[in-house]
Ligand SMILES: Cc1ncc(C[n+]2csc(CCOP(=O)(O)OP(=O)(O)O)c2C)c(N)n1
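The chain below stands alone and is given as structure tokens, in the form predicted alone.
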Amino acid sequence: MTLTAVPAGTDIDDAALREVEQRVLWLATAIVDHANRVRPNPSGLKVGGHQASSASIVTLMTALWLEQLGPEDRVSVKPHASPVLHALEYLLGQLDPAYLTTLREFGGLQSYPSRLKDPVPADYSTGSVGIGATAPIWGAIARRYVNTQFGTGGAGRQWSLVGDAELDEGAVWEAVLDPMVAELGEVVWIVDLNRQSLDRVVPTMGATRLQGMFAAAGWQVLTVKYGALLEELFTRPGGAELRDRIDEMTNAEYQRMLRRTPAELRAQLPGDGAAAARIGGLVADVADEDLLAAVRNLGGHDLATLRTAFAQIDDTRPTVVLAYTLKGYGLATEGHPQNHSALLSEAQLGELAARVGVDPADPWTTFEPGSAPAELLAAAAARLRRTELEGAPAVAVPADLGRTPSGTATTQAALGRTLLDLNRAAPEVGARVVTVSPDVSSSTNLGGWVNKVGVWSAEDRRDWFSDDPETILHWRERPSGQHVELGIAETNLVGLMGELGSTWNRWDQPLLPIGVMYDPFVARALEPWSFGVYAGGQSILVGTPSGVTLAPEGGAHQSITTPSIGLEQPGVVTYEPAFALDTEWCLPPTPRMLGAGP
């Protein structure tokens, strides 16, 4: 019995796309192999790289880049898939082939995608687990903000390619649950659901739980579990029972099936339940090669199934695609629980080269001009070409705001007044200021500023308390607002600051994001904030109250370590004003911050 599946596209298109996918798999694997086995390494130190983690997402990324993405789309690529990103960049003509031999070399291709250090700047830096995954959420808000303020943010989806183990990070769920996120229809996450982490096969069946968690947060949930071969097999007598059997398997049992011979599969697949005979009768007639292909025919590796799922994306709310994949897909290490950092042997690499039609002695060969894969790549490269940024003109920043403080005041109160003075003395600079708060704008003395500029929202919202005489803080939500209010999650705040601070090199529109929080929580927010700084995000983080600025709520919100933290951060200047005028001196941006450079 032979299994057949009719692709959604034309035969030649899918055949060409499969050829590109296999070449991407080869290149990603060879890039890691060269770094570890070919490049001279006098020190003997481990170079590393992740062939199996790259292999699991090759089909997904090939389908995205060659069929789905447009020039205004932005993608955050899971850290361990950087070789796949570089392979695609090379085939699309963006990456010089000289870089293919430089993975994890000083000045070469970075361990993880980098916006500032890779020769082809990544859309989002990734690497610190959970932070790169959420960055497109904040990128979407930053783009909308630039659009409402300046009309130049463009459109496009914000994609995030996330490893399933990455969803263990709390920062992911803090972002998913923020009330503002449910409106971001341009956000699409694809979860590489390979059911393995660094050390093991994940023991629990987590997909159902993930479906419920994302759905409860208002996300569209698309699950891509099986490919066309398996779906066709499920339609035959005994097929429904086979589906139930696979659905009920533990992750470890299923992974073990991937490494069995056809004879072992016929013995093990039926299990020992009441439906074993019907399942056994079904698989007994399937040819060996087809049975091996069917058991690993998951949706995340099936082009037609992925195409169908992408066509269902609802642009009115964020979407998560749970794509079942195999860690090490197409490699000799496929499905093995210890394959995370494993390298193919020389013999195994040779077998892969023979299968994809590449000479190991010439590993970086591309497709013949005029061939179907070459034409497919050329069309994708033309479609993805972006307009070069011209650089925004610098904004004149005044040296003095024209006010001399008098009397007694806290530096905390001076913060809000300085923002108002900046708006008055230098409106062009003030227009670039956007404040961000994790639900503490009033207690950090931003009330006057919020009343003046309003709260940012992608659409106008009615203020039901506008006619209440006892209302002091006027919460006018509108597209022209310059204050963004998030929920109580400091990691979300600094994540958004990083993206607001990166608009200068995305859309030629520099902003001055100023985030305020109680200073003990600077430590909680430190990693994602530092990550934003590393990726080129310019911002000012204000910790309050602290030291002599201690507010009436007392020592419960006091920190004595924040100045030390600031002094120790690379790329960060720290200042703690002792007087109200100090706040004015240290707060206004330098011309460089509002120009066209980092």
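Numbers follow the displayed sequence, beginning with 1. Since the structure is predicted, the reported quantities are computational estimates derived from the model, not experimental observations.
The following text describes the form predicted together with the named molecule, which does not appear among the structures shown.
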Subject >> Any non-hydrogen atom of residue 129 within 4.5 angstroms of the named molecule in the predicted bound form >> reply: yes
Subject >> residue 519 within 4.5 Å of the named molecule in the predicted bound form, heavy atoms >> reply: no
Subject >> Contact flag, residue 192 vs the named molecule in the predicted bound form, heavy atom cut 4.5 Å >> reply: yes
**OP:** Indicate whether the named molecule has at least one heavy atom within 4.5 Å of a heavy atom of residue 53 in the predicted bound form.
**Re:** yes
**OP:** Work out which of 166, 421, 178, 490 lies within 4.5 Å of the named molecule in the predicted bound form, going by heavy atoms.
**Re:** 166
Original post:
Of these, 143, 327, 301, 86, which has a heavy atom no more than 4.5 Å from the named molecule in the predicted bound form?
Top reply: 327
**OP:** Pick the stretch from 281 to 289, 74 to 82, 395 to 403, 473 to 481 whose residues have a heavy atom within 4.5 Å of the named molecule in the predicted bound form.
**Re:** 74 to 82
Original post:
From first to last in sequence, which residues of 339 to 366 have any non-hydrogen atom within 4.5 angstroms of the named molecule in the predicted bound form?
Top reply: 340
